[in-house]
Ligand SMILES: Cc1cc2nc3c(=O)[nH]c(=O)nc-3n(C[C@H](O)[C@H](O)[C@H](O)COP(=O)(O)OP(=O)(O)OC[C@H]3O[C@@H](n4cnc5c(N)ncnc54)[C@H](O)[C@@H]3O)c2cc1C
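Single chain ahead, by itself, as structure tokens, in the form predicted alone.
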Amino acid sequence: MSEIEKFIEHLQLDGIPLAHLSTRPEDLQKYGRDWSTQNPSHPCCILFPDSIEEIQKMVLGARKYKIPLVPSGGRTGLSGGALAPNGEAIVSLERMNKILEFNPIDATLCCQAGVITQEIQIFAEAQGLCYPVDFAAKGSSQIGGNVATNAGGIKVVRYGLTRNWVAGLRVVTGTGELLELNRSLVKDATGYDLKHLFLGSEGTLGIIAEVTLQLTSLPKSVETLLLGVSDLECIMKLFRLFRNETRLMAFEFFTDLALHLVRKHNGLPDPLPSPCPYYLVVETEGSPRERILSLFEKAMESGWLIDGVISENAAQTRDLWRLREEIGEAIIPKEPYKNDVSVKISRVPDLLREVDTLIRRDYPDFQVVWFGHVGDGNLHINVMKPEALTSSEFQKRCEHVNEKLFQVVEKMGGSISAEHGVGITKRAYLHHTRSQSEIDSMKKIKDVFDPDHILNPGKIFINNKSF
């Protein structure tokens, strides 16, 4: 009997229902993949715990039989963080999908890790409150995965990252121990705040089982604009204008090529009568429309805009956001090689110019779709596969692009991964963002919480131990 078979038999004898274990090929295929496409995945089995106690039993069994575990949420990541390339067992949290408690006084919501992000937003809104972390994958991503990658999205400029809204966590470590972190306290000055170690840890330190979220008030008097811009310097002037004169909620950017592809995909009409090199979706809160109109007129008079439109109703707002949020879906047929990087907000034009020049010079047959979150310094770089190249040839050439790209990011003091984590795809480039001392410290932290290295091995950095 193999170690995998012994592990599965052990779990059954330990009271794990047969329905919570699967080796069916269709499940291995479905739950073994995320939205990344560059790396293979070969899970040995899929585990479906429905309680913290079952997670603990699975971790303890994995320690006994040395079976590595890969925590899995909605599998919307782009860095291979939920893949099982070496026969690991996938731990899917989809059965742990209950909202457990809402506290109207504290304005907190406690839920299991497998709750879909959009369901949390809908529940909060029904209570007259808001969970403000928002992104295109909200309809399929799970809150545990959001925490594990410290998800950002389109409103970071106003609300910050997921870490800003996590009030407490319950986590099962690689030893099978349950940690209750922070307990939703607003103030707690009793030593290290371990909660923050698990935010962005990509399942390498523990399996997030329950999350308590801080909610906030619903935004009021929201105005949404789409602006057509001629150059990068004007984008930054517009950012400064709206940031200083309004409560800015979002400041999103995409190029004319991105607009062309997304309109071809979703059939929406051209939002402006004249084409523009760059487009912005800008959203503000709390400013009267007259104020927004005056800022629009000031920008036009200053020569910062080619054209623009202010949404008149909810349907138009939805369509303006579709132009930005559906870009990722629209470019899938082009087999894009994706990167998301970040620099200081003031360096965004420098980064875009330098990387665009690099790719045009060294890879003239590559077409690049740019979009991202100018308001927090995060750009998404999507290289389209030329028809003449095979997928494997294209990936190899893009890996050469990576090294040059990340050298530029390092020179500008930026990050090789702004919001999709390191996973498998970025681990070879981690040194461009983190010093060797930082990497060594992170490995020591992993040794504390996961001494046998059974949790998501080979993610963030190459695993120190093998099985």
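Predicted model, so just to flag it, every value in this text is computed and none were measured. Note that residue numbering follows the sequence shown and begins at 1.
Omitted from view is the form predicted in complex with the ligand, to which the following refers.
Peer 1: Using 4.5 Å between non-hydrogen atoms, is Val222 touching the ligand in the predicted bound form?
Peer 2: Contact check for Val222: no, nothing within 4.5 Å of the ligand in the predicted bound form.
Peer 1: Indicate whether the ligand has at least one heavy atom within 4.5 Å of a heavy atom of Gly174 in the predicted bound form.
Peer 2: Contact with the ligand, no.
Peer 1: Is Ser141 a contact residue for the ligand in the predicted bound form, using a 4.5 Å heavy atom cut-off?
Peer 2: Ser141 belongs to the contact set for the ligand.
Peer 1: Does at least one non-hydrogen atom of Trp35 fall within 4.5 angstroms of the ligand in the predicted bound form?
Peer 2: The answer is yes: Trp35 has a heavy atom within 4.5 Å of the ligand.
Peer 1: Given that the ligand is left out here, which of Pro336, Pro132, Gly74, Gly377 has a heavy atom within 4.5 Å of it in the predicted bound form?
Peer 2: None of the other options qualify; the answer is Gly74.
Peer 1: Out of the stretches listed (348-356, 76-84, 264-272, 233-241), which one is close to the ligand in the predicted bound form, meaning heavy atoms within 4.5 Å?
Peer 2: Only one stretch passes the 4.5 Å heavy-atom test: 76-84.
Peer 1: What residues, if any, in 110-125 have a non-hydrogen atom within 4.5 angstroms of the ligand in the predicted bound form?
Peer 2: Counting only heavy atoms within 4.5 Å of the ligand in the predicted bound form, the single contacting residue of 110-125 is Ala113.
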